[in-house]
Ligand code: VNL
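Quick setup: one chain, the form predicted alone, written in structure tokens, and binding and motion questions come after.
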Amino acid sequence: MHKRTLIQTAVAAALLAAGGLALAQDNTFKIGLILPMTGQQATTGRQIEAAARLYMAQNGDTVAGKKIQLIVKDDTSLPDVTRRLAQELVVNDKVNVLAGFGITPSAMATAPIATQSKTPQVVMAAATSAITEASPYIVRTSFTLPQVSVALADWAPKNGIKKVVTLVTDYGPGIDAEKFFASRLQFNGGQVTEALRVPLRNPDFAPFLQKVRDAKPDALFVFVPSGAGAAVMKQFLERGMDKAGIKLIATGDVTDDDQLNDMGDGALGVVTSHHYSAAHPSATNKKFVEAFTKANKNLRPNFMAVGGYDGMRVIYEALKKTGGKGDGDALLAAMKGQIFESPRGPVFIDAQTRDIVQNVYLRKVEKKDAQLYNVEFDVIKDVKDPGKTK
């Protein structure tokens, strides 16, 4: 009798423990953050992870009764690795949201998994226009290259720049930047005299820049992914292209806040168009920059950081709105149409395209407090992705 009671007690305890474990798992909300933490795009991963952790530190790790768990994976910017990690996170870890995605091929590789498993995929970095069309479960909090390229093509002809050579990295966002810049410049009476494309992996800009120097355009328009801007700037100056009267104009990836101070005074005066600068003068941004630099040993946040920070906000707010329901469709519906004040300025998630609508700024590299910054001098408000307004 005593033995039977002991067995019954043990079984009850095991069931209770199993139930408790299930309940604990049920009360956890998992975010699988897939980022390039090593390799060529490592700065992207470092910035986004730091921003995600800052958001959690500021807003707590419990939302609508759910404990938030951030699972960070390094895909080294290889799409096959991204796909495998996404599959493992969905099947084994049972994540509620997939997030991150440093480059376009990685975001695209994950899209079918997001669709099949009905898992929201929050793209915090990758910037090719077509990404949100790859899955109805993709929401973007970064930007698109058409969004930022068009503004520069409007500015250039008004400022004496008519003949331009374009130099872009040869993959999705670079091709977007080249196409939308060229068509708008032409519309405004300018001309792209040559379109150059450099490989994504281990690029050598030297032969391309020599071609540009020989062509003697009014300006060189550049897009390269975050982290590669310093190399372009260095080689541009080494070839004396600025002294030859060739202006450098670019998307903000080139004068990346993360690397700008290392570029030296040769970067002064470079005009770029982008959606975020650490020097953006709003109170919200000043607080964000101060908190980010303090939490990360004086590392300055860049546009990748703001994509990660806002991505976490979109996830948190969706979870609140659903009352803690981790269901993919409910979360997705709650992400659509969100409007908020970001460190970059006012933004909203377009309910139809699931893409971000935001201000785009024209900026010039200037020195402030003995440091280099992208200082905004003009703004185009509420810019939708031109790639989706055909």
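Please read all numbers here as calculations on a predicted model, not as lab measurements. All residue numbers are counted from 1 along the displayed sequence.
The discussion below concerns the form predicted in complex with this ligand, not included here.
Student: Based on heavy atom distances of at most 4.5 Å to this ligand in the predicted bound form, which listed stretch, 159-167, 122-130, 88-96, 210-218, is the contact stretch?
Tutor: Checking each option against the 4.5 Å cut-off leaves 122-130.
Student: Quick one: from 232, 138, 267, 103, grab the residue that has a heavy atom within 4.5 Å of this ligand in the predicted bound form.
Tutor: It is 103 that has a heavy atom within 4.5 Å of the partner.
Student: 41, 359, 353, 342: which sits within 4.5 Å of this ligand in the predicted bound form by any heavy atom?
Tutor: By the 4.5 Å criterion, the partner-contacting residue is 41.
Student: At 4.5 angstroms, heavy atoms only, are 145, 171 and 223 all close to this ligand in the predicted bound form?
Tutor: Yes: each residue has a heavy atom within 4.5 Å of the partner.
Student: Does residue 304 make contact with this ligand in the predicted bound form, using a 4.5 Å heavy atom cut-off?
Tutor: Residue 304: contacts this ligand in the predicted bound form.
Student: I'd like to check something about residue 253: if you look in the predicted bound form, is any of its heavy atoms closer than or equal to 4.5 Å to a heavy atom of this ligand?
Tutor: Judged by the heavy-atom cut-off of 4.5 Å, residue 253 is in contact with this ligand in the predicted bound form.
Student: Enumerate the residues of 328-355 that have a non-hydrogen atom within 4.5 Å of this ligand in the predicted bound form, in sequence order, or give none.
Tutor: Counting only heavy atoms within 4.5 Å of this ligand in the predicted bound form, no residue of 328-355 makes contact.
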